[in-house]
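This document opens with one chain alone, in structure tokens, the form predicted alone.
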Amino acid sequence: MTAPEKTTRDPHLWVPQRKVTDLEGFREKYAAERDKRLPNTGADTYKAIDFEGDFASFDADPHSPGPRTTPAQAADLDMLVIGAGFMGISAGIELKKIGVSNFKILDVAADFGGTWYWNRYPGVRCDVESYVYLPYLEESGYIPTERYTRGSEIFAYCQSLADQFGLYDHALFQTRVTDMEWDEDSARWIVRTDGGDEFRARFVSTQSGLFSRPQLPGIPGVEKFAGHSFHTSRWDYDYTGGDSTGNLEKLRDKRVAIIGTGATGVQAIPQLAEYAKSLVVFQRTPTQIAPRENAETDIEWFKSLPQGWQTTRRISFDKCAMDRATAECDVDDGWIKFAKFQMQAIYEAGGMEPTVEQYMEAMERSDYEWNEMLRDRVDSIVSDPEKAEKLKTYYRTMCKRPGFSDDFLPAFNKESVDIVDTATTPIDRITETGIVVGDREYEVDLIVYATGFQQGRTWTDKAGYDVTGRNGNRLSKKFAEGASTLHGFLSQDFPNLFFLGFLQSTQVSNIANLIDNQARHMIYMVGKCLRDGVRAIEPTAEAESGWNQTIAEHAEMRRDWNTTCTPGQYNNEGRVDDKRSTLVGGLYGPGYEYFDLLRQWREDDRFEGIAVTR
């Protein structure tokens, strides 16, 4: 089932040449690099961009055709779905499959797409193979044009799914929830919006919003800059020219700065480097850069795939990417090459049944060797030794999301491109004219913030509204120190309210697969309730407590890993005890085990751990 390789590649790029024996030396080097970036202020390293407030202008929708013109609505619904990304699309499709048509899908955006509506920066692509990333490929009949499709194609695919499955008739865009309250007498959620709407919904699916709520760096003076600035997820093409494919011609005479070299920066920087008069990249922590190996889709191969291929391919990818005991995989990309490299090291260390000590040492040593290969790759591409050194990564591979690019590293060979290591020389402040580092000010016309999305705040802070459940219980209070759910979906005293995304769920590389599994699981519960005449569901105290304990145990198992990692999103900027972060507060893992758990729970069909009101 594996797609044929069409790319021309240099084999040595995927074959680490150095054998690492000095584990302690690498540990010391990695610890020193981590310590450069500590101490910090955790999630408070960033400024939240709220819907209202000092930085609300950074949240303005550059794609909106204008203010909402739809009159205020009032309706009694079987289900209200908040969020029109992949989760909202999947929920709508699955609702229709079980015969539910009385539902609404709300979103603050002006169209379907979620992450792919907002993130239209130049160079944007998925970093997971499109054949396992894009949902419903078999049902829609769509064939992705490339192995790693552009963001514009993914956004268009979201629109086509919504059109194909009749979801636009259920959509209400440019609409933000302002408050939600449970009415015990009617067993309905009363949901109000900034458009004056009031919905009474039997079930509510809340937004996951993994990559839609942007944040700014916690640097003094952001608001003082007199030039132009924006966040990458709100890209201003009126200023730069071009579109997500590039052609940023209006930057030919502009001095540009970009802050951040995470997954977004890796994709946007080559485009800025090509068109800007000058570009200064401000980087705290480099991203590991492996080859992209993109290719056009082989249409004949795609058409030859057997029925059920996408589910099989997704499971294969998920299991191989996360499990260091399984070598079979239909996908052959950077994620899987690293996994197989570690599996081979484990086998060489201890055969088919290595001891725990052999397993852990082989995992660590092979990770160092893999990174040595990628550091060698930097040297082979970037001609300036000083720039090259700043672009080398010294942390274990999954401390940060890996990057895959063939044009990021070459961009630094341009004389017009400079890089500033803020771990060594931090940004002091932003002025009216530029960015100050030490005794130097970099004067620029444009500042682009590639500073990611809010993960370290509470659920209600990110959502922008509070939820009042049974007996006046507030979600902001219950989740103040971290979430409390059963399987990441339901929380006691908040009946019929579904939480989605990374909230006490699982760790995955392919987030779209997580979304798909969650949507199907949620709609199974909704369908069972509607068929069986169930009035309300919520976890029992024992079941919720048990899941919280399970999540806490998994978090504890990852504590040593998280504390040795460089500060970043995965370890809440180094503050691993701040349980507000969904990624640090606890994830069940690996993903395929979590999905199996949910599948078994559905097959048992007993609503185990659920308190049912009829």
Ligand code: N01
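Just so we're clear, the structure is a prediction, and the values are computed from it rather than from any experiment. In this text, residue numbers run from 1 along the sequence as written.
The form predicted together with the named molecule exists for this protein as well; it is not shown, and the discussion that follows is about that form.
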Please pick out the stretch from 259-267, 480-488, 315-323, 348-356 that is in contact with the named molecule in the predicted bound form, where contact means heavy atoms within 4.5 Å. 259-267
Answer for Lys250 alone: is it within 4.5 Å of the named molecule in the predicted bound form, judged on heavy atom distances? no
Is Val417 one of the residues lying within 4.5 Å of the named molecule in the predicted bound form, judged by heavy atom distances? no
Is Thr285 one of the residues lying within 4.5 Å of the named molecule in the predicted bound form, judged by heavy atom distances? yes
Just to confirm, Asn562 within 4.5 Å of the named molecule in the predicted bound form by heavy atoms? no
Would the named molecule be touched by all three of Arg150, Gln271 and Lys390 in the predicted bound form, meaning a heavy atom each within 4.5 Å? no
In the predicted bound form, the residue from Ile427, Ala110, Ile447, Leu305 with a non-hydrogen atom within 4.5 Å of the named molecule is Ile427
Scan Phe338, Phe211, Phe173, Tyr394 and let me know which has any heavy atom within 4.5 Å of the named molecule in the predicted bound form. Phe211
Do any residues of 105-127 have a non-hydrogen atom within 4.5 angstroms of the named molecule in the predicted bound form? If so, which ones, in sequence order? Trp116, Tyr121, Arg125, Cys126, Asp127
